[in-house]
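Presented as structure tokens, the chain that follows is alone, the form predicted alone.
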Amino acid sequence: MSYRKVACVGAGITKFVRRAKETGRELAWEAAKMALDNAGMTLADIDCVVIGTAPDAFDGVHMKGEYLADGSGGFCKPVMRHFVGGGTGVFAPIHGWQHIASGKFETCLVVTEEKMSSCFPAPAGAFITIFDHTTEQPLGPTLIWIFALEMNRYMQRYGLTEADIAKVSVQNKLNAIDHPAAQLGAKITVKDVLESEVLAWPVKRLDISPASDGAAAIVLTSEHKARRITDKPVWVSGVGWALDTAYWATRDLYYPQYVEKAARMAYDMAGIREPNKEIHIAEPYDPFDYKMLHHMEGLLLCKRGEAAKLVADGVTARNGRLPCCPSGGALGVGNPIAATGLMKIIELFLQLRGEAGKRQVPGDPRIGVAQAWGDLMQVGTVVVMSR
């Protein structure tokens, strides 16, 4: 199969906050305007708009794609909206990539937004409706206690402790101090994590990313357009996605097979054979601290069960051999679901261009991978970027 090369030429991101005064449309507009300005372009240069935003209930708004269209720059342009829960933010550039790689469009503005403070009484309350009405809803499940089951299974499978996993939260929140969009960058200790409120054992409050409001946007173009716009294009060199069964109780939760399948698809497209050696920087999805470890293994960045040791040894630190979440990730920057995944894409864009400021990793990074995960622990979305 032949397809055109696609480049990212501009990016923008709002501050991630709790209870933003701006509406979702205004947040989308702010991020879109920043991305266009960063690329030196205007809406007149954009052929189509992709909107990524998780289920409408997160914002408490019906028909959210239509609601966000004008704020995202979609007036009198083809607009396409999608969502795959937490996987939305990394599927958004995949969606935009498809439009340009196919030859249908030359430019695409990709906008992701979530204003989770609008959901009453809380975003987590919307999740009770997504479980199977016969086999699961009678149990009154919440995502947190399902994640607690998964975290516990992961710990038991590899003999990990809560302290082993807490090191991820310490690392990512520290990294986020240097991110201008960060909501919860902080210097914390493993002890702080372990002594924070238990929500559903072994998950504690500081193991979890905060609910957030925010938006992010990027500009994608075809190769010949990109070379006219910038001398530092960052290429979308591989994309992958996978969907496993939604019945989480029928799978062994210690390993994210859906992430591996999506990663292998993206790596094959990018020509990567040994990701643990060829990837220079990674932004795995980390809505919970154990999930960064889980996803590092699913991304084949290390062997199964070894991710925690890499964190403990400093391999994943910003100045380590394989920096993971140098942005600060969802744990530190915040987690406005769809915008979080695109924040990770933007981090790769800035890092590969050498424009990440205080967050810039050392050396000469040329290849990065970003990943997100969503719905009922069964969606994996992966993008490889290079320069």
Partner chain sequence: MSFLEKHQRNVDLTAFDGKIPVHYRYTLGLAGDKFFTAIKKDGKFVGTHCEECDVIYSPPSVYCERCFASLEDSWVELPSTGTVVAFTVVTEDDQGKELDCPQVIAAIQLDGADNTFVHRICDCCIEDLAIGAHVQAVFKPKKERKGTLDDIEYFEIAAE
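Positions refer to the first chain, counted from 1. Bear in mind the structure is a predicted one, so any value in this text is a computation, not a measurement.
Note that the form predicted together with its partner chain isn't included here; everything after this is about it.
Trainee: Go through 128-136, 269-277, 161-169, 241-249 and give me the stretch that gets within 4.5 Å of its partner chain in the predicted complex, heavy atoms only.
Mentor: It is the stretch 128-136.
Trainee: Might Cys324 be said to contact its partner chain in the predicted complex, defining contact as any heavy atom within 4.5 Å?
Mentor: Contact with its partner chain, no.
Trainee: Can you work out whether Ala20 and its partner chain are in contact in the predicted complex, taking contact to mean some heavy atom pair no more than 4.5 Å apart?
Mentor: Because a heavy atom of Ala20 falls inside 4.5 Å of its partner chain in the predicted complex, the answer is yes.
Trainee: Using heavy atoms and a 4.5 Å limit, would one call Glu347 a contact residue for its partner chain in the predicted complex?
Mentor: Because no heavy atom of Glu347 falls inside 4.5 Å of its partner chain in the predicted complex, the answer is no.
Trainee: State yes or no: in the predicted complex, is some non-hydrogen atom of Cys48 no more than 4.5 angstroms from a non-hydrogen atom of its partner chain?
Mentor: It does not: once its partner chain is placed as it appears in the predicted complex, Cys48 has no heavy atom within 4.5 Å of it.
Trainee: May I ask you to choose, among Ser72, Ser209, Thr88, Thr316, the residue with a heavy atom within 4.5 Å of its partner chain in the predicted complex?
Mentor: Only one option qualifies, and that one is Ser72.
Trainee: Across 22-42, which residues bring a heavy atom to within 4.5 Å of its partner chain in the predicted complex?
Mentor: Counting only heavy atoms within 4.5 Å of its partner chain in the predicted complex, the contacting residues of 22-42 are Glu22, Thr23, Arg25, Glu26, Trp29, Ala32, Lys33, Leu36.
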